[in-house]
Ligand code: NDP
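Shown below, as C-alpha cells, is a lone chain in the form predicted alone; questions about how it binds or moves come after it.
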Amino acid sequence: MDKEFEGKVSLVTGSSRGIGKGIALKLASLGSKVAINYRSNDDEAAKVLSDIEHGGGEAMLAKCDITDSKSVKAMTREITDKWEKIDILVNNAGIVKDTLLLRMRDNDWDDVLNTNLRGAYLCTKFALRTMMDNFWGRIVNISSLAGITGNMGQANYSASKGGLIAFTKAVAREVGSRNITSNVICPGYIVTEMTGGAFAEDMQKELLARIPVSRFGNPEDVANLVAFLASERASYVSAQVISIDGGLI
C-alpha cells in the first residue's frame, strides 16, 4: 500500500472509537505516526494503538480533556517531544446532549459547546505552532449536517457544529499563506458503535428512503475523505465545507 504520509505526524481527537478510530487507522495505514487522543476510555484507546502497531504502524496514546487549555498544551508538547511536530490535525471529538431547547439545562449547552467547539479551538491553537514553523499543515474538522441545516432537539449540537464550520473558514484565511489548509467535513448518517442500534427498524427504513445512494455511511467513508484532504493532492483545497451523506442534502 502507498505510504503517502510517511514521515508525517497526525493528531486525531476522539479516536478511541467510531469515526475517529476509523480516521486514525486510515492515516496510520498510509504511513503517518498517529497520536490517539481520548478522554476516558483507556481500554478502547489501547485497542486502537494495538491495531496500528500490529499493522506495522507507529502510534501513541494522548489522553487529554480537550476542553482544558493546560491539558491540551501538555498533550501537544508530549507529541512534539516524541515526534518533533504535528502535521495533520483532525478535530473529531464531539458529544451530544439532545433535548428540546425549552428543556435544555445550561450544563447541556455548555458541555456540548465546550467539547465540540472549544476543544477544536484549543487543539488547533496549539497544533498550529509547529505547522507554522514548518510551512506545512492540514487541519480537518469533523462537523455534521446539523451544523448546516440545524436539527430539532439539537440546538446545542447544531450551534457547536455550525460554529465549527465558521471557525474552519476563519482559520483557513489566517494560515493559508503558510501552506496550511483548513477544511471541514459534515457527515450524514454514519454507522458506528454508538449509533448502530440508535434507530428502530422502521426509522432506519424511513431514513434510507431519503438517502439517494440507499445506504448508511461508515467510518471508512469519512476516513477516506480525511486522507484526501490531508494529502498533497488537496493542497489547493481550503476553507471548504464537504458533506459526506450519500446525497441527503
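Residue numbers here begin at 1 and follow the sequence given. Remember, predicted model here, so these are calculated numbers, not experimental data.
Same protein, other form: the form predicted together with the named molecule, not shown, and the subject of what follows.
Of the residues N41, S69, S50, Q204, just one reaches the named molecule in the predicted bound form with a heavy atom at 4.5 Å or closer; this is N41. This chain is drawn without the named molecule; in the predicted bound form, the residue among C64, I180, A223, A59 with a heavy atom within 4.5 Å of it is C64. In plain terms, the part of the chain that comes close to the named molecule in the predicted bound form, with a heavy atom within 4.5 Å, is 141-149 out of 165-173, 141-149, 124-132, 76-84. Interface membership of T115, defined by any non-hydrogen atom within 4.5 Å of the named molecule in the predicted bound form, is confirmed. Interface residue remark: I88 is not counted as part of the site for the named molecule in the predicted bound form, having no heavy atom within 4.5 Å.
For N156, no non-hydrogen atom is located within 4.5 Å of the named molecule in the predicted bound form, even though that partner is not displayed. Though the partner is left out of this view, L100 does not reach within 4.5 Å of the named molecule in the predicted bound form, counting heavy atoms only.
Taking the named molecule as it sits in the predicted bound form, the stretch 78-112 comes within 4.5 angstroms of it through a non-hydrogen atom at N92, A93, G94, I95.
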